[in-house]
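Next up: a single chain in structure tokens, the form predicted on its own.
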């Protein structure tokens, strides 16, 4: 006859293991739907400072290789038209272009943590790929309502050796289609430094797509709203599209 304590321990271990498996499955599915092979979009970016001052830009954005490569070019206002940045290797390599100087500049590796155009998104935030799978250990936290949807709640604990973009992230993904609706980002001290809300999610060519994303910086008390005006996943990048030379076009 199995001792009740041993039996309870077996049940706890089995439950923990199944929850770990579930957490991995959730993150794998989230990664799949968030990483289409290619994408082309047009959008706006509105930055709101702590004083309430706003700046709005319009841009065109392209991604390839499931988010491994991306190119973003600003089109409005006239003062920044033509400014562009290119990220390769999931934002580990970054180039910028400024039409006034007509120079392409490669940024240092630590620049991926810098803000893009003064927004609350970093170059690393704009990257894609399987970062959640490679650089974090997922932990299942249960079910919870978030952004008016019943969600899976998963904690992502950064693997220090892999240099994760954040030490810890908590993600809420809709149970209905695994689309993430909210993320909390934490620093080394455990402070919830930023939050990302993904809203107005629509099915676009088979992919649940957030037409609006709002990143809030809790320390700076600023926020950046990015709205998608047009998007397609059927775009195919021409040869050498994601290159330094193409930044200047």
Partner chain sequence: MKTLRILVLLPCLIWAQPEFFGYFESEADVMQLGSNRYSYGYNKLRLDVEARPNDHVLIGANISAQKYWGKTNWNVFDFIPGYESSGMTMSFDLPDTLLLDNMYMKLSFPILDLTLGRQQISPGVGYAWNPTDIYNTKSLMDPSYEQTGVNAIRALLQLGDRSSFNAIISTDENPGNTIKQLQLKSGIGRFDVSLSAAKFGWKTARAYAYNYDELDQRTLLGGSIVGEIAGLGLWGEFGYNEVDYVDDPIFWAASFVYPGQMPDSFSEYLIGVDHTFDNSLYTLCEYFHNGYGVAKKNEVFLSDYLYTLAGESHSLMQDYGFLYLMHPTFDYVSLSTLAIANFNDKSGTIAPQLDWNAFEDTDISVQVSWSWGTDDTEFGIQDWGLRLRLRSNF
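Keep in mind the model is a prediction, meaning the values are calculated, not measured. Numbering follows the first chain given and starts at 1.
Another form exists, predicted in complex with its partner chain; not displayed. Remarks below refer to it.
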* Asked: Mind checking whether each of 19, 174 and 202 has a heavy atom within 4.5 Å of its partner chain in the model of the complex?
  -> no
* Using 4.5 Å between non-hydrogen atoms, is residue 93 touching its partner chain in the model of the complex? -> yes
* To do: Evaluate residue 160 for contact with its partner chain in the model of the complex, applying a 4.5 angstroms cut-off between non-hydrogen atoms, and reply yes or no.
  => no
* Asked: Would residue 189 count as touching its partner chain in the model of the complex under a 4.5 Å heavy atom rule?
  -> no
* residue 212: touches its partner chain in the model of the complex, heavy atom cutoff 4.5 angstroms -> no
* To do: With its partner chain left out here, work out from 74-82, 135-143, 151-159, 164-172 which stretch has heavy atoms within 4.5 Å of it in the model of the complex.
  => 74-82
* Contacts with its partner chain in the model of the complex, stretch 52-66 (heavy atom within 4.5 Å) -> 53, 54, 55, 56
